[in-house]
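Only one chain comes next, encoded as structure tokens, the form predicted alone.
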Amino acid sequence: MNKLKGIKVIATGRALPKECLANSDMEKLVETSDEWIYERTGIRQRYRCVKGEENTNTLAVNAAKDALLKSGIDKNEIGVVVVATSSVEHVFPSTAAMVQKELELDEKVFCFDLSAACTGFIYGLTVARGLLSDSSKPYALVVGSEQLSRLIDYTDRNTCILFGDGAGAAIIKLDDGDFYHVEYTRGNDEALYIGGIGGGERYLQMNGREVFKFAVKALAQVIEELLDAAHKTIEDIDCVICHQANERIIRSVMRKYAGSEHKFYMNIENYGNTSAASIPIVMSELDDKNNLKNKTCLMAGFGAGLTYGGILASI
């Protein structure tokens, strides 16, 4: 694996729906309890879009606006807009096209959606970096946005407690810092899936035990492969950002890195699993605490597909 042209994060942003569902609210929907949910997942609450007012598009736009406001750049210098999502509002046009419209970006911009489930934002950053190398404009906007609540069966306690809605965004440019990436796909359509348009299962279906075992192995593999490629150890990394699917998954991986557990940031308690939005939401929180920019970060994700991958970058 060769070192590639790196990225610099200029600004980040995030957006959350108005409605917050605590575990006590879930108790009113299905047979469950705060204790049962928290012990198995680490989740205390999640957000849900208000029907008719909020959706994947509005969340993506608001997260992008937040990042753009903080960036101080000329918005017409954005040459790439990638939105990672598996819960599009429309089959077409793309969510990215609606972001371009609402931000009133210059028409000379490469806009498209990317579907890689919970690994989507990592794929999006990697693709955007590649596109910038051949762009006449210096900046890319990468967004992860999900309205998973529209894909969840709220009578299925094994899935409805896990997922939440939200969006995160990052504006990046090319840089000379470190950048290493890995991506994998197993072509699995059984462990985690939703049926297609006009047929199949309407709601998310998941084999939780199979996904858990896959996730622990996938995260560990990605982290080790990236460290090896960069000739670094975990001591050289400032922060580790894992997809926030389940606290137990992340803690299982953390055990291998005794003494560096504090580098693994977790916020799943407050948001649940927001799929492609989870990693950029973490990035935005770290950025607000001045713990993102000019740091060496390792990001690792996994999702339906089964896709998994990661990035090690000085951002």
Ligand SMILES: CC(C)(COP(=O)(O)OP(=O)(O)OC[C@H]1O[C@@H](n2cnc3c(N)ncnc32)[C@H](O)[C@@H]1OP(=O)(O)O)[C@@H](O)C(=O)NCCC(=O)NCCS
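In case it trips you up, residue 1 is the first one in the sequence shown, and so on. Please read these numbers as outputs of a predicted model, since none were measured by experiment.
Absent from the display: the form predicted together with the ligand. The rest refers to it.
Contact annotation: of the candidates L226, I161, I171, V82, the single residue with a non-hydrogen atom within 4.5 angstroms of the ligand in the predicted bound form is I161. Only one of G208, G130, P138, G195 lies close to the ligand in the predicted bound form, with a heavy atom inside 4.5 Å, and it is G208. Shown alone here, F212 lies within 4.5 Å of the ligand in the predicted bound form, counting heavy atoms only.
Put simply, W36 is close to the ligand in the predicted bound form: some heavy atom of it is within 4.5 Å.
For V61, no non-hydrogen atom is located within 4.5 Å of the ligand in the predicted bound form, even though that partner is not displayed.
For G303, a non-hydrogen atom is located within 4.5 Å of the ligand in the predicted bound form, even though that partner is not displayed. Across the options 254 to 262, 36 to 44, 50 to 58, 284 to 292, residues that bring heavy atoms within 4.5 Å of the ligand in the predicted bound form belong to 36 to 44.
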